[in-house]
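Quick heads-up: the structure tokens below are two forms of one chain, split into structure 1 and structure 2.
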Structure 1
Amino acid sequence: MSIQTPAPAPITATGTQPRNHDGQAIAITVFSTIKLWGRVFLPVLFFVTRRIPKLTGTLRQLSFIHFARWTVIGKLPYNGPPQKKGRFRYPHMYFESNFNGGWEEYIDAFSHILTDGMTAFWGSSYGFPKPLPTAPFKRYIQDNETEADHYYCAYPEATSTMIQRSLELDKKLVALKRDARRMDPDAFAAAYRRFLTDAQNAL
């Protein structure tokens, strides 16, 4: 038996509007208006977070995000009229995430597991309720979310977890392939068993 064509993947991208997903990937796009103290605090938070990778360790372990970003916008580049020139009165935060699983499960995980992180990143935004309870927090995100007009994922059938496991598997498989030819069948069978044992949770 072999897998000729990839079967239609299960539906996991639930709980969001249709243009916010491409296959398993969900887009979330959120703007929030930042209180003046956030203008000082957020750059410091970003600076520290960039330098201490451990802070994003939980995000990594949860493993449902492909890419995410937070950006503070104080002014926009000027392109001539009719665009108005100048700084915003308040800084604004742009947040985007590209993730798998349901929208609701995603926000729940953020609220319950990254409670402090959510407060750090959004605590300086106007109208932000605490991450818990989740119902008002979800309403806040929904109110501030904009549906994508077009969203693209290069591997719509795969998830972030699958990608990460595939990359691990690939490293192990490369080693097995490298050694396979010069092994005799018994040595190979033993190496193959070790490989499967080692790589089973990537398969």
Structure 2
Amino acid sequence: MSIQTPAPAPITATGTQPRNHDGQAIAITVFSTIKLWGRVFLPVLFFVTRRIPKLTGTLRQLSFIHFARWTVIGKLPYNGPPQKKGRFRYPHMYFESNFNGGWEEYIDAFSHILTDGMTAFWGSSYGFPKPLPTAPFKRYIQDNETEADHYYCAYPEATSTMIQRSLELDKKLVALKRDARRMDPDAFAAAYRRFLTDAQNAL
């Protein structure tokens, strides 16, 4: 059985946890201004990636990422002065994601593993420096990142990998409990040993 110890959350200069953190979960929100041609290109890209799941297969395999979403925004709801009514002069890319681990490691994974994907998603944004080398890309993300006003995670002390394994373990345990009702002690002992073997990756 492997035990994962929760990593301590970073502390700000005021002695409080950043609003982007809740236990092991971290939120990231990035706004970037899109060039005019991106207004046409990005909706087509989103359409294609939604209908061909294998194009985002590598992203889905990164178990430390809860989710990642890119959206094109042309205007914001009007909330009164001093905000001006109407659409943006240029559309904006709205990127949001939740993940486990360090911020630097998260951006490194995007840069090295999803190099072509990052270029496709952010290539039409002003100032995008390409994913590699990582230092300019990290500065770009920092310059365009917005801290959350409030962030909540249902299971702050668990990583997404731990939650997935717990759900897998629960399915196996439910089946064992159901079958155990009609087993004698010897049969249950054998079934329990099989359960422990089969469930090793989830323990």
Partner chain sequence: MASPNVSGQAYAFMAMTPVMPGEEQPLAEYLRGLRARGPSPLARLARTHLARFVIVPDFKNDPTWKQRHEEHLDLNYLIFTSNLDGDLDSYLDELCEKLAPEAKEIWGRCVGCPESAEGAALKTYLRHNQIDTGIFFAAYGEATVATVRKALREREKMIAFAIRAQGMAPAALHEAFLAEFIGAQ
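We call the rigid core the largest set of C-alpha positions that still match within 1.5 Å between the two forms. By convention here, residues take numbers in order along the sequence of structure 1, the first being 1. A quick note: this is a predicted structure, and the numbers were derived from the prediction, not measured.
Of the two forms shown, the one predicted on its own is structure 2, not structure 1. Put the two forms on the same core and the Cα of residue 115 is off by less than 2 Å between structure 1 and structure 2. With a cut-off of 2 Å and the rigid core superposed, residue 78 has a Cα displacement that reaches or exceeds the cut-off between structure 1 and structure 2.
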